[in-house]
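Quick setup: one chain, the form predicted on its own, written in structure tokens, and binding and motion questions come after.
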Amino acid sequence: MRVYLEAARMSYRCYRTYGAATLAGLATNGFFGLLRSSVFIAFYEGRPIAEGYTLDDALTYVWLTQGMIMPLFLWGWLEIADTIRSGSIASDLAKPLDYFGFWLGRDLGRAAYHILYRWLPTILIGLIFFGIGLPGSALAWLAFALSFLLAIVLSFCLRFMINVVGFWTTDVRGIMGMVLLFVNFLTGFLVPLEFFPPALRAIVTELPFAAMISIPNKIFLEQAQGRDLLLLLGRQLFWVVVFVGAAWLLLRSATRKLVVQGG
């Protein structure tokens, strides 16, 4: 475990060196948060509630999803694919450690940095400009923290598998672009899944994409209590187990016969 904890620590320190990029990204998050908030404010004129969401709920949802962009890192992560293309993955696989666990440790260290320096400041912007709501109990905060962690692990598994496809294609940018189309809609990033037509909503809420953004947001907004809360967390845990197993099997298949590209 010490090796993986050290990988997480070094990844955290690595991202700390990019202070200017963090500030630029935070400014971008804030701008689009203001833009999305304006759209919802216009949408709620003349109506107090829509699909169970008040305007305050919708604004909280906006800033929470804006804050989750970097901790989840769903958009454009290609570090493993780059090592496959360069051939340096051969030395990584030769190291006496679990390859999946090593990269998961690195990603959790990165996520810890982005929670502190991107998620938290984004939430503060929402509090200052719109007075967004926060969970009202320690239990709700604890449930959200667990849900957020499961969402990050699930996000990593998805990104890991897309990158590992590079063993067969050598370039996964096209695949990553297609996945983005699903991520933006099916996770509930753009609008809550409750806003979808009933027939479509019944499907998308059961997919693993919902466990990345929609479920953590529902828990943060305290829209699930007691048994319903446990069911949401259980659904997330189920998809994490499935995706970890799928990522491990895909990696095993990819490395069964390795041809190094470019080295």
Partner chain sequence: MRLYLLLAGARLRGQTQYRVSFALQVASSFTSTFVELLALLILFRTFSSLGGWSVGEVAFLYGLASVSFALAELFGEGLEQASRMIREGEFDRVLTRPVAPLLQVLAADIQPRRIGRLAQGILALALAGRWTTIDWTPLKAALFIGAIASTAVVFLTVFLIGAAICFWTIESSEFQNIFTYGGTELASNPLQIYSRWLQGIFLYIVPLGLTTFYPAAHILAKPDPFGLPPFTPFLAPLVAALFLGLGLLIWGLGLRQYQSTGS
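Numbering follows the first chain given and starts at 1. Keep in mind it's a predicted model, so treat the numbers as computed, not measured.
FYI, the form predicted in complex with the partner chain isn't displayed, but the following is about it.
This chain appears without its partner; in the model of the complex, the one residue of 182, 141, 73, 102 with a heavy atom within 4.5 Å of the partner chain is 182. At the 4.5 Å threshold, heavy atoms of residue 36 reach the partner chain in the model of the complex. Contact between residue 94 and the partner chain in the model of the complex is not found at the 4.5 Å heavy atom cutoff. Heavy atoms of residue 20 reach within 4.5 Å of the partner chain in the model of the complex, making it an interface residue. In the model of the complex, at least one heavy atom of residue 198 sits within 4.5 Å of a heavy atom of the partner chain. The stretch in contact with the partner chain in the model of the complex, judged by heavy atoms within 4.5 Å, is 184-192, chosen from 152-160, 104-112, 184-192, 86-94.
In the model of the complex, the residues of 166-190 lying within 4.5 Å of the partner chain by at least one heavy atom are, in order, 171, 174, 175, 177, 178, 181, 182, 185, 190.
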